[in-house]
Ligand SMILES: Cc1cc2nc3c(=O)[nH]c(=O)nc-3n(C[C@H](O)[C@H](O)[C@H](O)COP(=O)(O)OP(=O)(O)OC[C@H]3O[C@@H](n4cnc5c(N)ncnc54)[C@H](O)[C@@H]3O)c2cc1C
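Next up: a single chain in structure tokens, the form predicted alone.
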């Protein structure tokens, strides 16, 4: 069987590797000069910058950590100094409690908010009226309005760069939805090690979890995710065709036909294939797919624009950035940054000696206009916000911007139904859907989804 993978991001590369291992003659067509999609790592002024995602969780047996080990990519665990997290809310940076004792002492919630949180086990489960519910509505109903605003909503922003009112619980946080289906958070977690309701909710929201046979914690390739992309591309070798955009995918005899819009100058495989894996952003795919019923369905998916501003400072100019993971910003604050990650605390060798690197995220579904600011305006905004939130003083020693028009996949209400309809329409024409728009936006999601894609191909 010959299968074309259209799109050389992580989702496309991982799918191609799985298909090749199953004996499929697979080739990847990537429009840009390099594979990796939004993922990439670069250095500037001695600072190491990730272009999009920067890490992944140890968890799934077929996740990103396992893939790194299979490919021989050296990895590192996030520094123990990164355990502390902050929420910027009501004009003040407040520590996120990590256990019941720190919750009692915390000023993140009022006493009324803390009591609301403790009432969660006694609240009855309640299915959403239309079969789906926003993460914010779910959190407010089960945990109280204060916890929804101060704890859950910032973490939703950290994952989707979105307002928690706009993200589907069922699609965006399926594990929380499953707990609700089993009587609520506390009851659903009763069989697990008891951290208390609050500690478990924080673990779920921040993504920390344990899976059998895998290592826990936050991980990244040494030197950045570019190492994983390079290793994947090298493993696939001449099956990856960079600089080879696909202009159209149309039905062919017993499969599909690809019309190429250009080439890398090298000899490319033929245009007729037994099927294709569509691994480019859905919004772009709508103009490429010329098969009945599928192109129009791609319009139902959306990625919000995003911009990352990197600021480098001397350590003494940002004393708060010497320990901790970073800070997330609650809704309604007088800053535009969505969150600030202390990159040089979390990972080794990300900044020159005596300096720190701040990763400031803008745009997303919560403030898409911010991603449209020019570089100078974004850097000025990031510098101002870093001063307000973490007390960064003086002029940064380094400032640079990475931006994406198709940034973060947005999983709105009804997302799962849209995915089901699109997958069904694609399957009819021997096309499988891959990438962050569908089954999960995280690196682990992209890696583990390859099993489903292989099943789709085998079913043709």
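Nothing here was measured: the structure is a model prediction, and the numbers come from that model. Residue numbers count along the first chain shown, from 1.
What comes next is about the form predicted together with the ligand, which is not displayed.
Engineer: Want to guess which of 99 to 107, 276 to 284, 382 to 390, 133 to 141 is within 4.5 Å of the ligand in the predicted bound form, heavy atoms only?
Structural biologist: Of the options, only 276 to 284 has residues within 4.5 Å of the partner.
Engineer: Can you tell me whether residue 419 touches the ligand? I mean in the predicted bound form, with a 4.5 angstroms heavy atom cut-off.
Structural biologist: Close contact is absent here: in the predicted bound form, residue 419 is far from the ligand, nothing within 4.5 Å, heavy atoms only.
Engineer: Looking at the partner-bound form in the predicted bound form, is residue 59 within 4.5 Å of the ligand by any heavy atom?
Structural biologist: Looking in the predicted bound form, residue contacts with the ligand do not include residue 59, since no heavy atom lies within 4.5 Å.
Engineer: Taking 4.5 angstroms as the cut-off for heavy atoms, does residue 306 touch the ligand in the predicted bound form?
Structural biologist: The answer is yes: residue 306 has a heavy atom within 4.5 Å of the ligand.
Engineer: Examine residue 436 and determine whether its closest non-hydrogen atom to the ligand in the predicted bound form is within 4.5 angstroms.
Structural biologist: Yes, residue 436 is a contact residue.
Engineer: Since exactly one of 352, 223, 113, 245 fits, which has a heavy atom within 4.5 Å of the ligand in the predicted bound form?
Structural biologist: Looking at the other structure, the residue within range turns out to be 245.
Engineer: Looking at 425, 401, 66, 53, which is the one with a non-hydrogen atom within 4.5 Å of the ligand in the predicted bound form?
Structural biologist: It is 53.
Engineer: Candidate spot 154, 335 and 363, all three in 4.5 Å heavy atom range of the ligand in the predicted bound form?
Structural biologist: No, because 154, 335 and 363 lack any heavy atom that approaches the ligand to within 4.5 Å in the predicted bound form.
Engineer: Heavy atom within 4.5 Å of the ligand in the predicted bound form: which residues of 405 to 421 qualify?
Structural biologist: Heavy-atom contacts within 4.5 Å come from 407, 408.
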